[in-house]
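Next up is one chain by itself, shown in structure tokens, the form predicted on its own.
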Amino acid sequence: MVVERLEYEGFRNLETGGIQPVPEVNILYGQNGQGKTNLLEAIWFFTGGRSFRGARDSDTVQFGREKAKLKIEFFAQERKQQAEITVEKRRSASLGGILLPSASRLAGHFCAIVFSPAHLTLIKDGPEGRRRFLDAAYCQLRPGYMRVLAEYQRILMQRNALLKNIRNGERAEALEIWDEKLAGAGARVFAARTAYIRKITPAVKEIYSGISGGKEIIDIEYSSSAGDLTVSPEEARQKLISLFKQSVGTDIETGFTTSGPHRDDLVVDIEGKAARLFASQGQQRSAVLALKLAEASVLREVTGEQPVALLDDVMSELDTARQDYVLNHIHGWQVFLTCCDPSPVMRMNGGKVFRVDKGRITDMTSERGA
């Protein structure tokens, strides 16, 4: 998968224009706040996902403009393709000139993985970000999983609303029906996440070992109220029904569902200790990188397409050996890599270099070779 051209208008602080990247490494350098990450975000939107920075769609429209427009030409599935996105209050998208029902339907057509400093919260913070990582990664493999997640969230909201009504005096007979529905949807979410973890674990271990020079071992496991990776979807469904019945008193008291896939976690250990609590900044960054690079490896294995890698400030707090591993591991990928100082990655042969200054992107490749 290769981006051949990207055009942007009214997006964040980017000055209207476009770039023609190379299929190898594309370095975007400049001081902080100039727009480097904005370009990665523009590319990411074509995966069908929301902003990896947690922004609302409308936040990406340039101040004073009514809308933003993005256009991409890319090569995938052995043919050239084109997609466009318009951002107003929400995003709309077209693929090959055909309007899609929603921008999320771009999922599976254009694939990318993204690493940004914000992703360090994947290790540092609570389980919500790790669940989001699992779900977003699996959606790129199986775009239909988005509907499974949406169905689970819809039923969860309805059960929570009923719990609040019961607390306020409504009869509880209908709760059993929603328990059955939520357990069924929850079992499908559980099955997807555990399937993905089984798939990604060997790659995570191998890549982290490479990043650490074989000096450290990483382990990941799924912590779920429905069971471990050996549990079947039907067993998970039965377990969830049982849990909902057991916790009904607490659920009514609190007004929300206290167990289920929306409370699960991806546990990351380094050298047998919880990475969230005991790992150094460099180890946490390495763990996130291993998860992200493994995500790309699984995408390539399943879809036959190497996803585009969007690496935002990836070299910070990595020693030279870890930097070299990352640079060598992404050989043969199309990469967009941001940095303030391009010198650590200039030792790579080939590629393009772009300077980003106040939203203006300038191709500096010819000067690099001078």
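Just so you know, these numbers come straight off a predicted model, no measurement behind them. In this text, residue numbers run from 1 along the sequence as written.
The discussion below concerns the form predicted in complex with a small molecule, not included here.
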query: Thr16: touches the small molecule in the predicted bound form, heavy atom cutoff 4.5 angstroms; finding: no
query: Distance check, Arg12 to the small molecule in the predicted bound form, heavy atom within 4.5 Å; finding: yes
query: The small molecule contact in the predicted bound form: Asp59, any heavy atom under 4.5 Å; finding: yes
query: Partner proximity in the predicted bound form: Gln334 to the small molecule, non-hydrogen atom cutoff 4.5 Å; finding: no
query: Proximity to the small molecule in the predicted bound form (heavy atom, within 4.5 Å), stretch among 324-332, 303-311, 44-52, 26-34; finding: 26-34
